[in-house]
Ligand SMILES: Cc1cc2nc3c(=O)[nH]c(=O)nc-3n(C[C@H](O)[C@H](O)[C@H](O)COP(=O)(O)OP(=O)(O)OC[C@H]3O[C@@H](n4cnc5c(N)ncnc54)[C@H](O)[C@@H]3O)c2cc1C
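First comes one chain, alone, set out as structure tokens in the form predicted alone.
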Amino acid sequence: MNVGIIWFRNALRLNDNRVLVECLNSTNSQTILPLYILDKSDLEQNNNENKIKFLYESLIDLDANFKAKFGSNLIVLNGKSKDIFRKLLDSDLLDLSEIFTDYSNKPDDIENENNLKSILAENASVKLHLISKVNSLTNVQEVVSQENFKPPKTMKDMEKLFSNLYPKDEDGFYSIDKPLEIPENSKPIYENSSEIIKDYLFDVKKELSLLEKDSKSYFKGGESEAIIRLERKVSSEEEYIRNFRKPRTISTNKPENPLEPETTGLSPYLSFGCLSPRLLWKETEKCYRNGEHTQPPESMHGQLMFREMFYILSRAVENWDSDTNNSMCKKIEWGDFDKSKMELWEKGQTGFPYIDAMMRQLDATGWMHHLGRHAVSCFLTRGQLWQHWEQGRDVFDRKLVDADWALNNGNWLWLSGVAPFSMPYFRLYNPCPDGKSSLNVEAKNAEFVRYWVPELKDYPSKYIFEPHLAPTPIQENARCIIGKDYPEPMVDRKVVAKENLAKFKASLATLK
């Protein structure tokens, strides 16, 4: 019997999974083989434990859901995908007819696809299906291939693009596709694969048990957790969703819980494909249909449209992840790599408590509010440290649980001031905010800073964002002497900001 492989990559879910549905509906295969392939050495080299933990939890959850629904386990393999597919294709035990997986712009995914295509070129009877609109609202490839396509740079561009793709209904809502239900019917699972792939089998539960036990990682991976959070933060919070304006959410998390975001906290689940963007769109739409609601770009739909914009740009723009020959990046003459600056920034030892709290939160949990990301990226680049945005991008890519290749690069282009969709480069975030700052900090009690920078936990709120200004008796009373127990500010923020803006302006002048 012909076998169809479901190659899970960036859609670790059963709901609204077109890869799963297309494979089960295909008449060219009678049995299925569900696979997930990872390379443990590569995974550990390029990601911290929070990301790895989230992935393992997501795979365990997908395995449990797949078994409950279809009566078989998800097979997780460790190795190079090209070696594994070569092994499968060369085996006389497997009559492989087709492979289904999700369309992706990620360089690693494209490399793996190209390797697979080279292998399949020797066996024309096996077809590779790259399924679109799995983790995006649009068919990205079709969008960028349109004759009159122009890369979107603004929300206005995205609204025009969406209007052309999804004409609005009588109530003014885009006609986005409905999420697909989990298929009721399945095909038999191919049961004779273990002998072929025994050398690659990977015990996810065992590997998860070996990870650090005292991790503060706040987000548990998996579709089951994603659905719970979707209900708790979206479906059952109609008023919150209708009034949601992302720039006005608090960057220092819930006052009563320094680990719980004031936003939905769904970004990790979107990034790993545990949650469909269509499902989030439609649940949000249900809330909108019951009354007045906010509009793009600040609304929940607006944020999903921004996500889509970066997905489209990452496919349409060459060298999206570089400042060389990138049409969406001004090539600014950044400073030489400074190891000391980068280490102090990454470890949360800059002497600026807001910046340090955000970076320590990132390291401990793998997450940071978007305004915190704004602040720390501005601080690293055009604001205070004059380091290349790619250096910060790489730290985020390694540590953020919601790191997404398209979005991470887009956000760093945006926040370092080098993209056409960036805010004006001379608008800097103050790394020492107060309660009136656009960074939306809770400054009265400052519990967020006290939690993540415990050295300062006994400081009066008046000084906690600039503790070096506290008189010596206050420092002594708080049992934290600046320069001894907590670092002095690593730079004079006002002096270097002025210098950096002059450098940025001079660098821009050379581009004209």
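Quick note: we count residues from 1 along the sequence shown, nothing fancier. This is a predicted model, so every value here is computed, not measured.
The form predicted in complex with the ligand exists for this protein as well; it is not shown, and the discussion that follows is about that form.
**Q** For the three residues F244, L266 and L304, which mark the spot I'm curious about, does each lie within 4.5 Å of the ligand in the predicted bound form through at least one heavy atom?
**A** Checked in the predicted bound form: all three residues contact the ligand.
**Q** Thinking of the ligand in the predicted bound form, which stretch from 356 to 364, 96 to 104, 140 to 148, 399 to 407 has heavy atoms inside 4.5 Å of it?
**A** This holds for exactly one stretch, 399 to 407.
**Q** Would you classify R315 as touching the ligand in the predicted bound form, given a 4.5 Å non-hydrogen atom cut-off?
**A** Although the ligand is absent here, R315 would stay clear of it in the predicted bound form, with no heavy atoms inside 4.5 Å.
**Q** Can any non-hydrogen atom of R278 be found within 4.5 angstroms of the ligand in the predicted bound form?
**A** No, R278 sits far enough from the ligand in the predicted bound form that none of its heavy atoms falls within 4.5 Å.
**Q** Can you work out whether F162 and the ligand are in contact in the predicted bound form, taking contact to mean some heavy atom pair no more than 4.5 Å apart?
**A** The answer is no: F162 has no heavy atom within 4.5 Å of the ligand.
**Q** In the predicted bound form, does L270 come within 4.5 Å of the ligand, counting heavy atoms only?
**A** Yes, contact at 4.5 Å.
**Q** Which one, L77, V441, M368, L74, lies within 4.5 Å of the ligand in the predicted bound form by heavy atoms?
**A** If I apply the 4.5 Å criterion carefully, the residue I get is M368.
**Q** Could you check which residue among S136, S251, N112, N411 gets a heavy atom within 4.5 Å of the ligand in the predicted bound form?
**A** None of the other options qualify; the answer is N411.
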